[in-house]
Structures are given as structure tokens and as C-alpha cells.
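There is one chain below, alone, in C-alpha cells, taken in the form predicted on its own.
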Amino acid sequence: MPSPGSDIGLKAVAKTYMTRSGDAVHAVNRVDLDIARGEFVSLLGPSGCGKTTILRMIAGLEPPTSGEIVMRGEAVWQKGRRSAVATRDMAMMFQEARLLPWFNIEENIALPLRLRGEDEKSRLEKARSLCSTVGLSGFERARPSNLSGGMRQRAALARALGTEPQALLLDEPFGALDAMTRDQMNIELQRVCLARGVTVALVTHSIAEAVFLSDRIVALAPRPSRVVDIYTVPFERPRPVELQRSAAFQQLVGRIRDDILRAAA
């Protein structure tokens, strides 16, 4: 069993895919991980190492081949089926905003609340408040096509927060943005998560992004994915973007990069 005090717990989680030719592909190999309530943890490793697969198993989007995943004491997977109770208080954000082009921004943000049966007045009021939270005031009635990539991701973040999730799962949400917009979004993400006390698991290729945002960083080996090291990030919050230019920050980034390269060799 994962630790009883964890918000999200993985115990001996493994995943094997079968190819069309009948070959077995071992994507994840017995991962153990506990994420505490309100903690921000990043999964870091080379492309194809299984980071997104781990996140999707936590989210209830695909089942593990073996092992156990728990959200606040409730098994996410029960007899091969996703538990609606365990996953109800999770939200996931992807690299693409995935906004519906025929809805305006407040309607997109309110969509999960609509699917939960919340009345129109209440859900739109919450959507407008979330627009303010993520810096989109004045764009509530805009269509996604009229917004920049960074603004669309702000809307996607607001949508993910709309159901007041206890856990936020992020799959490279800012990977397609330019460097300056990515920095702005990381500042915004840090601010919102600190204010709401939400538990976060982030998949990223960027070591600097992981160090800037995380309480702990989980370094993963190439496929089949396994935990090779876990780093505690010592910097106080909130963290200004200028922190990234400090010697201590760069030293930690370099250390993690070297360790991952050695694990991949």
C-alpha cells in the first residue's frame, strides 16, 4: 500500500503494452512514489521514458498492468476499472489547450461544471472569477481563435481549476510556448497553486522548469521507466523568475542533468 499520509500514492506500478505484432513493450517498471497534500512534484526524464504514461495512469486514463495507485486513500483502479470517486477531485491539463472553438472563453472554462450539472448562472459566475484569477479579465467572450497560445493555456488552466480539484495533473502544459510566455505562465501557475493549496504532478522535459516550480523532482530512467533519484528543491516560495540566474539554481539544474545523462548511458 502507498503511504497512508500521501495525497497521491503509487506502489510497484508497472505498465506493459502489446504491439500489433504481439511484442511486449515494458513502458513503466515498478514505480513507487508518494506525493504529499499540497506538494508540487515534477516527473523528469528523457523522451519516451514513460512520464506521460505514469501521469495518465494516475489520472485514470489508462490502467496499470500491475501495482496500485491511490488518491487520498481511494484506489484509482479497482479490478481494472477507473474509480469515479478517486478521480473526481483530479483535473488534468495537456500541452494543447483543447478548447472548443465554438464556445467562448467563459463557456470553455465552465464546461466541466456544466457536465457536472451546475446551473448556468452559477457556472458562468465561477468562470468569470477564474478568468480574473488567471489574468484573462476582459476576454471572457472571446473565441479561442482570437487568443494567443499563452492566453489559451491560461484558459485551460482556469478550466482545470474550475471544479476545485484536490490534485492537478500537468502534462507539459507550456511546452509549446515561447520562453518568455513560458516564464510568465510558470509564475502564474506557482501563484495559483500556492493560493489554492492544490497537489500537483507535472511532467516536463525542462530541468529548469522543474527546479523552478517543484518541491521535489523525480528523475526517471529511460524505458522501462523507473525512479533513479528524487531531489528536494531548497528554494523558498514564492520564487521570482530571477532565481533562475542564481548560481545555486544553475548548480542544481546541472547536477540533475548530469545524473539523468548518466542514467541514460
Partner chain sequence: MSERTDRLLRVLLPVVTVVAFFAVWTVYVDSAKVSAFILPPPLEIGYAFVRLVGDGGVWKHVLVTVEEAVAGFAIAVALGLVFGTLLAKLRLAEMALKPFIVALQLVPKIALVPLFILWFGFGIESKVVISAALAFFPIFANALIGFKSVDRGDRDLFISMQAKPLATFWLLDLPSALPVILTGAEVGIVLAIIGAIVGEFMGGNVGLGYLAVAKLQDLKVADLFAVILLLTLIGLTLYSLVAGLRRWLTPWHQAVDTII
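Positions refer to the first chain, counted from 1. Nothing here was measured: the structure is a model prediction, and the numbers come from that model.
The same protein also exists as the form predicted in complex with its partner chain; that form is not shown, yet it is the one meant from here on.
The candidate spot formed by R191, F249 and I256 lies out of contact with its partner chain in the predicted bound form, as no residue has a heavy atom within 4.5 Å of it. Of the candidate stretches 228 to 236, 212 to 220, 56 to 64, 41 to 49, only 56 to 64 contains residues with a heavy atom within 4.5 Å of its partner chain in the predicted bound form. A heavy atom within 4.5 Å of its partner chain in the predicted bound form is found for one listed residue only; from G150, G135, P112, P165, this is P112. Although the partner is absent here, R72 sits far enough away that none of its heavy atoms falls within 4.5 Å of its partner chain in the predicted bound form. Contact check for A176: no non-hydrogen atom falls within 4.5 Å of its partner chain in the predicted bound form. Interface residue remark: T87 is counted as part of the site for its partner chain in the predicted bound form, having a heavy atom within 4.5 Å. Mapping the unseen interface onto this chain, A142 falls outside it, with no heavy atom inside 4.5 Å of its partner chain in the predicted bound form.
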